[in-house]
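There is one chain below, alone, in structure tokens, taken in the form predicted on its own.
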Amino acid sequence: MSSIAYARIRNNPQFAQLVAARGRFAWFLSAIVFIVFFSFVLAVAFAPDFLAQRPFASSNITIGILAGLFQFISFWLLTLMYVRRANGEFDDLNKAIIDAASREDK
């Protein structure tokens, strides 16, 4: 693409919408990751006895292990949420922006 086409893309209001929506969503997911991760770190630092408790009497699994598994599962689910939205809404907006720029080229 030429620099003129890039300028058209940058000036397209849909491009600003795409950048804003993607940024908001990324910051939202980042905040969730931050909260989940540092909650676990704080629990390890200030409540190790709580994390060492066994929720099931005859099991070797502790609350800490379950909390760690919860982290992995939640991070995978957040990644899935981002990929689904990126492959849907964000890709659709991206295609519309590129189509509009290429129509103006002709």
Partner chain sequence: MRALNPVRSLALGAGLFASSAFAGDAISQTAKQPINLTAIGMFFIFVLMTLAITYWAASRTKSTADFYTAGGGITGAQNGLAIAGDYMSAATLLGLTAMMYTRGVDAYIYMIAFFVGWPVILFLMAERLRNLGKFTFADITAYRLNQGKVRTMAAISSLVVVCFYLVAQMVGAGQLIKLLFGLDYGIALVVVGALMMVYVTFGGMVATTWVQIIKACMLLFGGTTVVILAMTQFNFSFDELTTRAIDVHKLGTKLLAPGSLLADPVTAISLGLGLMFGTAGLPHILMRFFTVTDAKEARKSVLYASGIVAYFFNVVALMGLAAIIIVGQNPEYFEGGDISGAIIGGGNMVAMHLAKAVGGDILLGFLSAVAFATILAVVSGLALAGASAISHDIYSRVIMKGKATEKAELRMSKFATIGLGIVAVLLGLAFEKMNVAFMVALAFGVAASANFPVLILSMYWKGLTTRGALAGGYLGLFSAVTLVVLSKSVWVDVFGFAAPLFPYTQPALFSMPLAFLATIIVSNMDTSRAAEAEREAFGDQYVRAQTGLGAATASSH
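Whichever C-alpha set is largest while still superposing within 1.5 Å between the two forms counts as the rigid core. Positions refer to the first chain, counted from 1. Being a predicted model, the structure only gives us computed values, none of them experimental.
Not pictured, yet referred to below: the form predicted together with the partner chain.
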- Item | Heavy atom of residue 48 within 4.5 Å of the partner chain in the predicted bound form | yes
- Message: Quick check on residue 17: any heavy atom within 4.5 Å of the partner chain in the predicted bound form?
- Response: no
- Taking heavy atoms only, is residue 94 within 4.5 angstroms of the partner chain in the predicted bound form? yes
- Query: Taking the shortest heavy atom distance, is residue 68 within 4.5 Å of the partner chain in the predicted bound form?
  - Reply: yes
- Message: Can you list, in sequence order, the residues from 58 to 96 that come within 4.5 Å of the partner chain in the predicted bound form, counting heavy atoms only?
- Response: 58, 59, 60, 61, 62, 65, 68, 69, 71, 72, 75, 76, 78, 79, 80, 82, 83, 86, 87, 91, 94
- Displaced residue check between this form and the one not shown: residue 41, CA, 2 Å or over, core reference: no
- Message: Aligned on the rigid core, do the two forms place the Cα of residue 71 2 Å or more apart, comparing between this form and the one not shown?
- Response: no
- Item | residue 80 C-alpha moves between this form and the one not shown by 2 Å or more, core aligned | no
